[in-house]
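The chain below stands alone and is given as structure tokens, in the form predicted on its own.
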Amino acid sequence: MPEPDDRTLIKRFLAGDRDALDELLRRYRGEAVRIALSVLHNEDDAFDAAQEAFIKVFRNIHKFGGRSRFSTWLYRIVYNAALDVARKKRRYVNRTEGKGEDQRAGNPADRGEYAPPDDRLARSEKEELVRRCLDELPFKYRVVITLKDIEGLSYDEIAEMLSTSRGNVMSRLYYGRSRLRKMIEARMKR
């Protein structure tokens, strides 16, 4: 039996089925934490922001109008919750916890865990280099790269989340990728 789509789960929740919202949020939990982590660079803060976002979703699900996908609406709430946490703590950058940990979900083969040890080490070192360079990018570039290249959102979804134009997203992505590439190349020459 296929899983119900997001809109079906929303309708079930609004009709009184509390488990429907749990299922819906479980579906997006990983992505929500990764988006918050891209803003906050601290795992504990990212989980707090995702939790705050889920509470807001619970309280406001009746306001979801369906003009966009549920995931886009949710990610916008997560992004804003992460900004709120960052403002409260007065920090945006310099992840102090979780350095070197693989934040991505997926099966072990996707992460290269079944590759030969030397290949895994080289891949791990490259991933850490990319993560460090990404962390050093200005926020406006880092967030669009994370949302597009890691989370796989469309230009339009990112524009909606960030309350900006599609062209602005494309421009930030272009310049952000260019700066990231130069930073990585410079570090690899060392």
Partner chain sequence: MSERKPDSARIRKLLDAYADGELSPAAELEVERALVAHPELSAELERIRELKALLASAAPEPSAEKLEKLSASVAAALESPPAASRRSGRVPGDTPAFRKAFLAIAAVLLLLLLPLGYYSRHRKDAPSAKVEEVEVGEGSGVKVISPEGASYSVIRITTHERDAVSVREIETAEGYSCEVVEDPDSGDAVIRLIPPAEEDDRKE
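Positions refer to the first chain, counted from 1. Remember, it's a predicted structure, so these values are computed and weren't measured experimentally. C-alpha atoms forming the largest set that superposes within 1.5 Å between two forms make up the rigid core.
The following text describes the form predicted in complex with its partner chain, which does not appear among the structures shown.
Colleague: Is it the case that residue 147, even though its partner is missing from this view, gets within 4.5 Å of its partner chain in the predicted complex, heavy atoms only?
Modeller: Outside the cut-off, so no.
Colleague: With a 4.5 Å heavy atom cut-off, would you call residue 25 a contact of its partner chain in the predicted complex?
Modeller: Within the cut-off, so yes.
Colleague: Verify the contact flag for residue 18: yes if a non-hydrogen atom of it lies within 4.5 Å of a non-hydrogen atom of its partner chain in the predicted complex, no if not.
Modeller: Yes.
Colleague: Can you tell me if residue 14 lies within 4.5 angstroms of its partner chain in the predicted complex, counting non-hydrogen atoms only?
Modeller: Contact check for residue 14: no, nothing within 4.5 Å of its partner chain in the predicted complex.
Colleague: Since the partner is left out here, which residues of 151-175 would have a heavy atom within 4.5 Å of its partner chain in the predicted complex?
Modeller: Stretch hits, in order: 154, 155, 160, 162, 163, 164, 166, 168, 170, 172, 173, 174, 175.
Colleague: Superposing on the rigid core, does the Cα of residue 14 end up 2 Å or more away between the shown form and the other one?
Modeller: Moves: yes, 2 Å or greater.
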